[in-house]
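Okay, here we've got a single chain as structure tokens, the form predicted on its own, with questions on binding and movement later.
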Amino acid sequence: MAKKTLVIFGITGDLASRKLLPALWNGFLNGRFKDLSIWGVGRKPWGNAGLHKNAREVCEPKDEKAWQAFEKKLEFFRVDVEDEKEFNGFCEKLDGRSDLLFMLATLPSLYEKISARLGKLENKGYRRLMIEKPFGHDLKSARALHAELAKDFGEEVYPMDHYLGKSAVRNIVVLRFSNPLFEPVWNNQYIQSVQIIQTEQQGVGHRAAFYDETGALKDMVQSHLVQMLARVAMECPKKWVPAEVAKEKAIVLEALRPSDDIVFGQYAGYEKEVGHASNTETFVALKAFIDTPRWKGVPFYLLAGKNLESRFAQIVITFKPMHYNVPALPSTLTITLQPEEKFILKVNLKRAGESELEPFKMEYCESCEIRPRSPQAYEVLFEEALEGKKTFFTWWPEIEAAWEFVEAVQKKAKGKKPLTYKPGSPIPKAAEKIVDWKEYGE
């Protein structure tokens, strides 16, 4: 019997099919999860056969021998966690096992109920809990959620933002702190602006009910975008241990302040999808500042939206132009997260025999180099949670600071009705004053 067990609540849901199962399969092919049992919990009457069928469809295995070995790890348990007797019966199967990692891919409203019962288990090794965002719906609820989960799991709660599993995001601090080329100029003396952008081509789809209560600000800015910002702007920790890294990120987010430049948008047809009139934003662009000596006066631009022209996620650091006798464009460092993970440094050079400067790219595409089995974000985060590593998970002080920032944005934007934009358009026209859209997304 495998010593470690990963229990995924919500195995029949969308997140498990789109992300979790493919990540576990990819990790298995990469040599991870060899001694791991995977128990899937859901309300649908799948059985092992149903789980295996769904997993094959979403993972699309090419190696049948490897797939058969992976499939043996997958077990399905039909459980309604809101049925106390049924849930307790399942938990009895877990009592006495060794190391347990729980992943809650369920409605956030079920987190506390599931946690309370799992916290009573008597297993022989560790007991850890992974939860997917959102972590509450505002500052007050986030604090309440933290308090409840801590009662059951103490410090063994792993709030997960899957962007922190992406190699490009993880390499931001490596780029800064291991290369003397960047750290000396990583400040307001040399950096003109920082833009963090995430756009999607799809609308809200089947997430309409959830999204209408959340919106782009809470769904994307509060989590993915501010986490990337914290990585870009943090100071070097005294020690490279999870608590010190989290401390430096929290300092950045506590110093983050929105300006009055805020644009909300909603794509045409959204209200028809959700079935009623709505002021929920499907697009947000804003300018913010970080009140620290390193970043004083440097604008940070955050943009996220659905149903736009293209799908990509980027961090663009624009450096101040240098004084030279020929006009030059600013140098830029672009960190692309999707559709591919790339680092592009754009500098000014002259072609032979030419007098004008031109921008030239130095590019490294990590996901291009190591495909087809490059590690997926969830794959990496599962492995680190199994090993008890918390560096690339979010910590509660960061979560609270992010909610404080969001609430400050909401206060400034109070009464603003979202601008309507055409599905498939670049961005709402009003937002072009905030983000230099022509430069990015290419």
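Start at 1 with the first residue shown and count on from there. Note that the structure is a prediction, hence the values are computed from the model and not measured.
Not on display, but discussed next: the form predicted in complex with ligand BG6.
Checked against ligand BG6 in the model of the complex, the residues 273, 248, 75, 200 give one hit for a heavy atom within 4.5 Å, which is 200. This chain is drawn without ligand BG6; in the model of the complex, the residue among 176, 207, 93, 320 with a heavy atom within 4.5 Å of it is 207. You can rule out all but one of 103-111, 240-248, 303-311, 77-85: in the model of the complex, only 303-311 has residues with a heavy atom within 4.5 Å of ligand BG6. Although ligand BG6 is omitted here, in the model of the complex none of 231, 295 and 398 has a heavy atom within 4.5 Å of it. In the model of the complex, ligand BG6 lies farther than 4.5 Å from every heavy atom of residue 281. In the model of the complex, ligand BG6 sits within 4.5 Å of a heavy atom of residue 338. For residue 135, no non-hydrogen atom is located within 4.5 Å of ligand BG6 in the model of the complex, even though that partner is not displayed. Contact check for residue 226: no non-hydrogen atom falls within 4.5 Å of ligand BG6 in the model of the complex. Residues 162, 163, 166 are the ones in 135-171 with at least one heavy atom within 4.5 Å of ligand BG6 in the model of the complex, listed in sequence order.
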